[in-house]
Structures are given as C-alpha cells and as structure tokens.
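In the block that follows, a single chain appears as structure tokens, in the form predicted on its own.
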Amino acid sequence: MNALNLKKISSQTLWGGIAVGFTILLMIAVLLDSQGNIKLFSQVVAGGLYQGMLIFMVAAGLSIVFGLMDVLNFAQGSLLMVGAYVGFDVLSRMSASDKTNAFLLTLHVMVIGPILVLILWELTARLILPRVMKTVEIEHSSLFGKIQVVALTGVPLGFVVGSVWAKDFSGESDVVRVIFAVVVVLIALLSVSRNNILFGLRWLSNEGGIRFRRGMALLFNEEASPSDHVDYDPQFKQFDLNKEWLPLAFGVVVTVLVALVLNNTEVLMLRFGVAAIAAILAGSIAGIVMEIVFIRPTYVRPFFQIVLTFGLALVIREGIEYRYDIDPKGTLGGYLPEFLQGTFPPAYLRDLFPADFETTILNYWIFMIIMGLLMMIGVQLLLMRTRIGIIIRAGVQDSEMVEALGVNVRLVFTGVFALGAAIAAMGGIISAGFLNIDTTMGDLFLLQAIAVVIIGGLGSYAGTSLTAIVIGITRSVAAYFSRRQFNTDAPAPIVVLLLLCLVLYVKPSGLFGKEH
C-alpha cells in the first residue's frame, strides 16, 4: 500500500514538474527571441498570467463541481456573464452623493473589515501560532458562528452610524467608524451566544429576587431563607480572559488598522466592492437554483446533465439579452479606482525598478493575477483544512455514512454548486474591468476552461490551478510568435487545442487525474 501511494505521489510530482518545465522553456524562448528585452518579456509573461487567472475563474468551478459531484456544468461560462452584468448594473445605478459614499464606507468598515479580521485570526490561530507559540492554548470556535455575529451586529450598527453620524468624511466620522468596528469584532471574538445571554438574564433575575426577598424579611423582622443564592448553572461557559487575551489583542490591533485603511480608501473602490458582493451573491443564487431545480433530479442520468446544463446556458443568455439588450456595455474601466488604472509600475514604485522596466503592463492585470492567486489558495485551504471541506470530501466518499452522522449531504452538494457558481461570478466582475461586457464573454472562456480541466485531470483542483497558469502562458507565448511571423494572434487558440490533444494522447486521464 505504501509503495502504491509513493508511486502515485511520484507520478503527480513528475507530471507537475514536466508542466512547470514546459512553461519555463516557453518563457526562455520568448526571452531569447526578444534578445533579452525585459520590457517585452514581462508583457508576454504578465499577459499569460492574467489570461490564466481569468480561465481559472471558470475552470475552478468546473473542477470543484465535477470532482465532488461528477457533474460537468456547461453553464459555468454563463455564470461568469451573470457576474459581469450584475456588477455593471449595480455600479451604473449607484448614487454618487456624499451621503451614499459615507454609508458605503461605514458598511465596509463595520462589516467587511471585521469579517476580514476574523478570517485572518482563524488562519493565524490554526496555521501560524501552533508553530510559533506552542505553550499558548488557543480555543477554536466556529468561524461561521462568529461571522454570523458580525453580520447581525455590524449591519444594523453600520446602518445607524452611516445614516446618523457618518454623513460626511470628517475626522469625527472616521473615529466613530473605527470605534464601532472594534466593538463589532470584540463581540464576535467574545463568542456572544444564546447561552451567554441566557446566563446574564438568569443572573439578573436571581439577584433581583434575592434582594427583594431579603428586603421583605427585614421589613417584617424575619430571617432570610438560607436557600437564597445565585443559581450559577455550570453549563454556561464564562469568559476566561487568561485564554482569550491573544485573540482580543489581535482583533483590536488588526481591526483598527483595517478600519483606518478602509477610511482612506477611494470611494470608487468601495462601490466596486459592493458591486463585487452583489455579483457573487447573484452567481450563488443562480447556482443554488440550478442545482436544486434542474441538476438534482438528474444525478442518476449523467448524460442528461450535459444536455441540461448546455440548455441552461442558452436560457441564461436569453434572459440576459431580455434584461439588458444585446448591445455591448463596454468595460467597467470608468468605475475603477485610480490605483487600478494606468500602467505598471505606478509612479510611487518606479524607483524600485530599473529605468528600462517601464512597460505597458496594466495595473489591472496585476490586480487580476493577485485575485486569482488568492482564490487558488483560499479554495484549497477551504477544501483541505476546514471542517466544511472535510464534510464535503467525506460526503463524496460515503454519503450514507455522513448522513448517518446527521449531516445533510444534499445541502452540502448545493453549497458546493453555489461555491463554483460564486467563483465564476467573481471572475465575471473582475474580468469586466478589462474586457467588454457582452453576451458572448462567457463562451470565450468556457472552451478554454474545459481544456484546462481535462489537461489538469478531471476532478483535480490542484491540477486545474497549475494547468490554468500553463495554458495562459502558452496562449500568450503562441500569440507573441504568431504576431511576429504572421502579423496576427489567431493561431493562439489552436495551440491550446494541440496541447490538449497531446496530453490526451500521452496521458488520457490528465496530468493529475485518476485512472478509471
């Protein structure tokens, strides 16, 4: 058994090394052909990386859904289109008044900021602190429960602060926002729950009853009953400051820093953040409806799923055309904040790079590359290092056993489908900052995403992540050479298909796929 596992690991490592080596050879070829022109070389590499990240946004959802549910969703590209159109709709309708800007800033500081702090704390407590401070005992509670507390506390407070106190961007309003953001995080880190609230109410009730009975006894010259005491129920956990000082200190410091950064953020960035959240929610809702209404009845008929999802893609396109017309909407470039516009490196970073490094790489390319990398890492951690990921993988392996443990496997599968749809919708709003928004934008990435999933191995998320980068750079390098030789980059997609055929001929299951 150990020999088989070792062979499996070495095989995946071998094919992964071949893919990385192939990519490096392509970049060396560009560097040699350009005669060491760093400016031109960086353009080709950055262009390949951003294209790879856009393809990954679609391919990631495909890979996750197929790997966990054996469903090949041909409507994944349409979900990317949904995210782009919803983001455009929200941005175009959003008011530009100072009151709206102040409310958006308050909402980001008091809801988005605390959620970011909680996620950073959970990652720090689970991955970093156990290796650095082994003597400190860290109690892990439900991250989802804490986020619920943040939402239930931060949203109403954000509404009040944004509507009453934070009517402008004055210094006093900034201080109020920071203070309330810290309060929201402290409430979440203290894990305020139903039991804590009931404990406090019971203590107040018992204490008031005791004082009343003792007062009546003194009034009538009687002795108080010896049974009068405060009923401390041991099942209610009390807050232990000695164990919780570290998360509290972390929460206060990081919350203040995040809130100060958000208070100095451009208003356009705040609007773009709201549009991104709306796009992700729209994609998630669409994914949930697709899984519950259409996909779930066809789990026993896989072939019908392919036809059905292809039909759903056409229905979604018709719905978008009915709602927004068939005319292209352009890009979201006019709604982007200043630091996402222009070329790299920006003026305040040019001293860090050689003088001949000035390129036509767009700052937005860098933004898309960073967002794609964060998505790769985040989903991998979700699937491999969290309780939700364990439940998902266990439900795939043995759904009956997981259901016997009290887990609703159908709900888990719906969540997986919603996650894949949300990733595609996020890719839509991100790509819309650079690409033209029209009803064909989803189709542009769907075929390439399918090629990525097949080359990486059906069901292998790691293979999909690596292959997306390889395909992106391959396409960029092919476009570079075809422009130099034929004055057109039309052959670039053909090179991707040739690479797909080569991989299927050498290893039909894909680079990281399993033999069936």
Partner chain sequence: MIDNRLRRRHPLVQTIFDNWLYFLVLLFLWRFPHLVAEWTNSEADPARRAVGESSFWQSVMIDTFILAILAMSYNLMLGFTGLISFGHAAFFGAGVYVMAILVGQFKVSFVSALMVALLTGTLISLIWSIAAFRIKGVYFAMFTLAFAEIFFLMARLTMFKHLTGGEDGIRWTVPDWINPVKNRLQFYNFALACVVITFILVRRLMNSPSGKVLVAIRDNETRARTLGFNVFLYKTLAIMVSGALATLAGILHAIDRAGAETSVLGTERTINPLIMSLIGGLGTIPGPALGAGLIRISEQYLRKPELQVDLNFMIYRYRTLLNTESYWGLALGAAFIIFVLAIPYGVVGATNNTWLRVRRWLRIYIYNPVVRQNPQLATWATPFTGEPSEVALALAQQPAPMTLIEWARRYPVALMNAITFIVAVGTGLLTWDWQVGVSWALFLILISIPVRVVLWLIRWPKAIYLIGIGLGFLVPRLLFEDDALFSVMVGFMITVVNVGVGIYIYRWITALRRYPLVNTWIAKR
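Rigid core here is just the name for the largest C-alpha set that superposes within 1.5 Å across the two forms. Positions refer to the first chain, counted from 1. Please read all numbers here as calculations on a predicted model, not as lab measurements.
What follows is about the form predicted together with the partner chain, which we do not show.
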{"item": "One residue of L116, A394, I277, I306 in contact with the partner chain, assessed in the predicted bound form (non-hydrogen atom, 4.5 angstroms)", "value": "I306"}
{"item": "Interface residue in the predicted bound form among I473, L68, V30, I454, criterion: non-hydrogen atom within 4.5 angstroms of the partner chain", "value": "I454"}
{"item": "Contact test in the predicted bound form: G16 vs the partner chain, heavy atoms, 4.5 Å", "value": "no"}
{"item": "Non-hydrogen atom contact I494 with the partner chain in the predicted bound form at 4.5 angstroms", "value": "yes"}
{"item": "4.5 Å heavy atom contact, F294 to the partner chain in the predicted bound form", "value": "yes"}
{"item": "V20, heavy atom within 4.5 angstroms of the partner chain in the predicted bound form", "value": "no"}
{"item": "Contact segment among 33 to 41, 465 to 473, 50 to 58, 486 to 494, judged by heavy atoms lying within 4.5 Å of the partner chain in the predicted bound form", "value": "486 to 494"}
{"item": "Partner contacts for 490 to 509, taking the partner chain in the predicted bound form and a 4.5 Å heavy atom cut-off", "value": "A490, P491, P493, I494, L497, L498, L500, C501, L504, Y505, V506, K507, P508"}
{"item": "Is_shifted L25 between the shown form and the other one (CA, 2 Å cut-off, rigid core)", "value": "no"}
